[in-house]
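As structure tokens, one chain now follows by itself in the form predicted alone.
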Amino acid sequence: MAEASGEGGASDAGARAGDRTAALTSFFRDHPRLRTLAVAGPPYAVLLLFFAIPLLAMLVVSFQTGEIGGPWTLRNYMDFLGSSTYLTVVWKTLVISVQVTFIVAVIGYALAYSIVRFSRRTTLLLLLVILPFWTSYIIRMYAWINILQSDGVLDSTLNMLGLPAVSLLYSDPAVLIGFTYVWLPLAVLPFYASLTNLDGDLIEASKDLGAGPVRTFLSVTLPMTINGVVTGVILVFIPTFGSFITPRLLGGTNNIMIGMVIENQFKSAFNWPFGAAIGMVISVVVVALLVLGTRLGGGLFATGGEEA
């Protein structure tokens, strides 16, 4: 009797849950605006809370002078845009960011292509690619210091081989190596995702029509995976432009990037409005460059795709 009573109770509870689900479904069907709000509301709330509000706060602070809550002024922007020293740092940051993005894109695309086309252990290889993310960023940078410094791992290896030491630490190559190592996994993953969805029959058709490997790559493979390439470029270019830890640890005082200048304004000079103004100008420059590059690159490879 007890078991029969328990089964009946469970059946009634299931029926009541089904009724509530049906009623809720019917309610949202009759109120499409509430249904849209329930689906799209949480993502917009997250974007508003963690992106829009902090950006708006930084914009407000950038128009104040001296300290937060001070008089309104345009002096922060005028001081930054009128200083050749700061503009030189921005130009050097732009050059390094473009170099890092190009190097990471070439190496990352070749690595992702090799994983997709020539290996069956894709899961293991992808695990090895993302393995560095399990270690602290600072620890990885100090590991590279031990490798690149004088009498470090690199110099000791070269001495064992009878070659002269190079001592790359605190130089531009050291900064490029550090950035390439840090951001390479971020580029490989979108490249891999786009290459996985590439239709191999298109490559075979291109070869059957007489196209060589280079022409097949430029007219079929690259245009068909351009969305992954653009995503990887964005994921590498933006953090490189604003980075300050890698150039500080591997580049020394002779390799100042604009991220180091912004950090100094917030942590040492305590001039938050000026740091916020620099951050706003850099944000606008980065967005403009990415939009321009995406349009130019997309148009170029769209043409190639049509020809293919």
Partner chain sequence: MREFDDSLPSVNRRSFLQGASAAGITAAAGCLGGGGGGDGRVPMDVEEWPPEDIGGSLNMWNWYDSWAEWAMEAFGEEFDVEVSNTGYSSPDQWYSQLEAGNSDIDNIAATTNWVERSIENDFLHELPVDIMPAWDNITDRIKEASSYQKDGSVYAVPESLVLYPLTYNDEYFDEAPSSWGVLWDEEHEGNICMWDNATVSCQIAAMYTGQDPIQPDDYEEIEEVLIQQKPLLQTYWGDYQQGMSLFVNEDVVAGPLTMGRTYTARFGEGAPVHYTAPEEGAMYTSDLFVIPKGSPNPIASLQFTNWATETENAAKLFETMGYQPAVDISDELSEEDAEFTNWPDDWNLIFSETLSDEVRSRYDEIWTAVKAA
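These numbers come from a predicted model, not from an experiment. Take the two forms, find the largest set of C-alpha atoms that superpose within 1.5 Å, and that set is the rigid core. Residue numbers count along the first chain shown, from 1.
There is also a form predicted in complex with the partner chain; it is not shown, and the following applies to it.
Thinking of the partner chain in the predicted bound form, which stretch from 83 to 91, 187 to 195, 228 to 236, 201 to 209 has heavy atoms inside 4.5 Å of it?
Of the options given, it is 83 to 91.
Applying a 4.5 Å heavy atom distance criterion, does residue 58 contact the partner chain in the predicted bound form?
Taking the distances in the predicted bound form, the answer for residue 58 is no, it never comes within 4.5 Å of the partner chain.
Partner contact for residue 142 in the predicted bound form: the partner chain, 4.5 angstroms, heavy atom
Residue 142 belongs to the contact set for the partner chain.
Do residue 113 and the partner chain share at least one heavy atom pair within 4.5 Å in the predicted bound form?
No, residue 113 sits far enough from the partner chain in the predicted bound form that none of its heavy atoms falls within 4.5 Å.
Is there a heavy atom of residue 150 no more than 4.5 Å from a heavy atom of the partner chain in the predicted bound form?
Residue-level check for residue 150: yes, a contact with the partner chain.
Proximity to the partner chain in the predicted bound form, single hit among 217, 181, 170, 77 (heavy atom within 4.5 Å):
The option sitting close enough to the partner is 170.
Is every one of 101, 105 and 132 within 4.5 Å of the partner chain in the predicted bound form, counting heavy atoms?
Spot residues vs the partner chain: no contact at all.
Residues within 4.5 Å of the partner chain in the predicted bound form, restricted to 248 to 264 and counted by heavy atom
248, 249, 251, 252, 253, 254, 256, 260, 261, 264 sit within 4.5 Å of the partner.
Once the core is superposed between this form and the one not shown, does residue 254 show a C-alpha displacement of at least 2 Å?
Indeed, residue 254 is displaced by 2 Å or more.
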